[in-house]
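So this first bit is one chain, no partners, the form predicted alone, shown in structure tokens.
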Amino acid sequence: MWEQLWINARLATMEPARTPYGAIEDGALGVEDGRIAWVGPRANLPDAPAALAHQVRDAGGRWITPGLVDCHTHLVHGGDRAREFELRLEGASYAEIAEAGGGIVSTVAATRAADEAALLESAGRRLDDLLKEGVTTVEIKSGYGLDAETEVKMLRVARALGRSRAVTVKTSFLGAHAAPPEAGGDRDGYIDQVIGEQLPGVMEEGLADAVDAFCEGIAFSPDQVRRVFDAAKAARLPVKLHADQLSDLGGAALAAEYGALSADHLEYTSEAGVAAMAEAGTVAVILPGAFYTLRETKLPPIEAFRAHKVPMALASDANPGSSPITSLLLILNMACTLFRLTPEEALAGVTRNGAAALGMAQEAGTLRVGKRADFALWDIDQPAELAYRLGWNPCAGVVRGGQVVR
């Protein structure tokens, strides 16, 4: 017998090549050993529910989706950047603020000054906001330390969040986020430190699931990123890339060259870059929160991603500067309103494609037999409501690894 059987459910399985949303209107879902053991129409159950499971749970006609995946966040940091928000409204650009010592570097100072307990407490509050909206998997980056000690500190906190809450945390080492003030503008010298000091320290404690970098004029050149990615390859870690956010330096193609799990932002990506991503199987992570906050006007090449069949994931990009957002439901609406994604594409972006962007396509992202039993229950009449409404959280319950956590 299964441990649990959920009945009277409307399932948005998010499996491709089925009905919209992979929907099963009168569905049932069996759970055994933390995994999905059966999923399908209730009429197809092989026996009466009570004969199939130790515990039969009535979903009350609610929709069940896979647990949501936030595949790009910077949740661990000290301080905030509300003053920069004011400066942007007064006309300063993101690049101008960064060049004047603001931006990432200002958060670095606050993060270096905070101890692990303070970072755990503040990041935990942000993570809790996401969990209330059905998130069961989240990626957390370092990148606000920019020295060996603080990068390790940030990733320790990220791992601790995964132990203290009912969520799967994947970590990315982002030492190549910006050059710190003490580098004196010597970006090549700082990359030497990333490769020779920071990454070995992170690897020694087993703190990273992937390596990330920021390829941009205000950050690092393609050649500098290649050095980081070569070191990641030697360490047998997959890579991800902040690419083509403010200009086209060929970041998407660079990510594809290294078989990156994802390339993220991508507002300035060329069609050649999109084609390279398609060939490499690299997921496009679209971040409407940063686009909105920075008041950008250059749209990512959504039609090209569709034409080349590049999977599009969505994420909060939760960070203190360019996307101070801890609502994945808001991101769904932004993606539809700003980028013209369909509600189904948006939901796929925070389930099936979000999981793929973390290398977790076999574990999470759809309701399929054998996958981890991570799912959310919603008080909605149709899945499109998750992207349609603003300031509203219809999440009625969360199951992670077969355990009801909300």
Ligand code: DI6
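The first residue of the shown sequence is 1; numbering continues from there. As the structure is a prediction and not an experimental result, all values here were calculated from the model. For clarity, a rigid core is taken as the largest C-alpha set superposing within 1.5 Å between two forms.
The same protein has a further form, the form predicted in complex with the named molecule, not shown here; the description that follows concerns it.
Please tell me which of G321, P300, G134, P311 lies within 4.5 Å of the named molecule in the model of the complex, judged by heavy atoms. Exactly one residue meets the criterion: G321.
Would you kindly say which of Y268, Y292, Y258, F214 lies with a heavy atom within 4.5 Å of the named molecule in the model of the complex? When the named molecule is considered in the model of the complex, the option within 4.5 Å is F214.
Option from 328 to 336, 120 to 128, 275 to 283, 311 to 319 whose residues, in the model of the complex, bring a heavy atom within 4.5 Å of the named molecule: Result for this chain: 311 to 319.
Report whether the minimum heavy atom distance between Y144 and the named molecule in the model of the complex is within 4.5 Å. Flag for Y144 set to yes.
May I ask you to state whether H242 is within 4.5 Å of the named molecule in the model of the complex, using heavy atom distances? Residue-level check for H242: yes, a contact with the named molecule.
Taking heavy atoms and a 4.5 Å cut-off, does K153 contact the named molecule in the model of the complex? Taking the distances in the model of the complex, the answer for K153 is no, it never comes within 4.5 Å of the named molecule.
Although the partner isn't part of this model, could you tell me whether I104 comes within 4.5 Å of the named molecule in the model of the complex, counting any heavy atom of the residue? Judged by the heavy-atom cut-off of 4.5 Å, I104 is in contact with the named molecule in the model of the complex.
Sequence-ordered list of residues in 375 to 393 near the named molecule in the model of the complex, where near means a heavy atom within 4.5 Å: The stretch does not touch the partner at all.
After fitting the core, R159 CA displacement of 2 Å or more between this form and the one not shown: Superposed on the core, R159 moves its C-alpha less than 2 Å between this form and the one not shown.
Does H308 show a Cα shift reaching 2 Å between this form and the one not shown after rigid-core superposition? After core superposition, the C-alpha of H308 moves less than 2 Å between this form and the one not shown.
Answer yes if the CA of R187 moves 2 Å or more between this form and the one not shown after aligning the rigid core, and no otherwise. Superposed on the core, R187 moves its C-alpha less than 2 Å between this form and the one not shown.
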